[in-house]
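First, one chain by itself: the form predicted alone, in structure tokens.
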Amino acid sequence: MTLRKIGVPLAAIVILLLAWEFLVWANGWPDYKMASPSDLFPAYVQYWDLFIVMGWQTLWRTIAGLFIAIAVGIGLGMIMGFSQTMRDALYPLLVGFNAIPKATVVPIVALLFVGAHDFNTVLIAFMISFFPIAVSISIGLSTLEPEYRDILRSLGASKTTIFWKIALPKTLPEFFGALKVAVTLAFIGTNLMEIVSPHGRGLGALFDSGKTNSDYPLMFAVLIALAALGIVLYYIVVFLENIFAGWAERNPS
């Protein structure tokens, strides 16, 4: 099982890279038009120090925004899950906010908090990733079996106790499913701000530098680095899911 979980994804990645290499070779594209996987290694060697420094900057801001999104998402989800009135009031606002393209919000935030680049980047990462967490918690709580809730209330349990003892375990599968989506969204938010913000830092700024200099191998190397960081965070979430909600997994027959 472990070999399958590791070997199959690695095989898929290798096949994708080989297909990418063949596509570039078959079309005779030069590296200033379309970089191939074989063009990326020299870029990593040349800019290794920048990848380490800027990759860390992107990673910690993304994680910070994600943690804030988790805290706010769980809080909003609890409020909406336990109160029909608050759900009716907040859902349209959250849906409307989520429908706004975040690429249009990034320049506003960058100008609103000029000079506070770390704050701007973490804020956008949070804004773009908290919605699925809030919705998953809300749905999990609002669909909690009423008999469980009534029994606990008759025993004097508070809403907080009901949440921790019954509702939270029930919502964990939905929560981790939403968190997997939120991880990728947080990276999108981080890099949008890094690209748009003046004097930006992080992998987004490195990508923008490659674009300015028409350095396609560097640009694609940044994209692969971002994908690698996203995969690492995704599998950290999967690891935590197996620990706290592994009971919910159903293996197909």
Partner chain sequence: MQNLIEIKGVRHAFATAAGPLPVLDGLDLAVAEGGFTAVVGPSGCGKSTLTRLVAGLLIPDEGEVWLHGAPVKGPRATVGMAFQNPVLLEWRSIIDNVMLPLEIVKNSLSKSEQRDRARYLLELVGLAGFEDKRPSELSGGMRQRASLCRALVHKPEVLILDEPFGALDAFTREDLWQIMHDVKEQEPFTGVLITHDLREAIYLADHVVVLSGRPARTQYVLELTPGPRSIDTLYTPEAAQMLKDLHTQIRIAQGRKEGDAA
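Numbering follows the first chain given and starts at 1. Only a predicted model underlies this, so the values are computations on that prediction, with no experimental measurement involved.
Keep in mind that the form predicted together with its partner chain is not shown, yet the notes after this line are about it.
Among 112, 95, 71, 151, the residue placing a heavy atom within 4.5 Å of its partner chain in the predicted bound form is 151. Shown without its partner, this chain lists 76, 139, 105, 166 as candidates; in the predicted bound form, only 166 has a non-hydrogen atom within 4.5 angstroms of its partner chain. Contact annotation: residue 180 falls outside 4.5 Å of its partner chain in the predicted bound form, judged by heavy atom distances. Its partner chain is not shown here, and in the predicted bound form it never comes within 4.5 Å of any heavy atom of residue 87. By the criterion of a heavy atom within 4.5 Å, residue 157 is counted among the residues contacting its partner chain in the predicted bound form. Shown alone here, residue 143 lies farther than 4.5 Å from its partner chain in the predicted bound form, counting heavy atoms only. Judged by heavy atoms within 4.5 Å of its partner chain in the predicted bound form, the contact stretch among the candidates 78-86, 113-121, 166-174, 126-134 is 166-174. Contacts between 128-147 and its partner chain, taken as any heavy atom within 4.5 Å in the predicted bound form, involve only 147.
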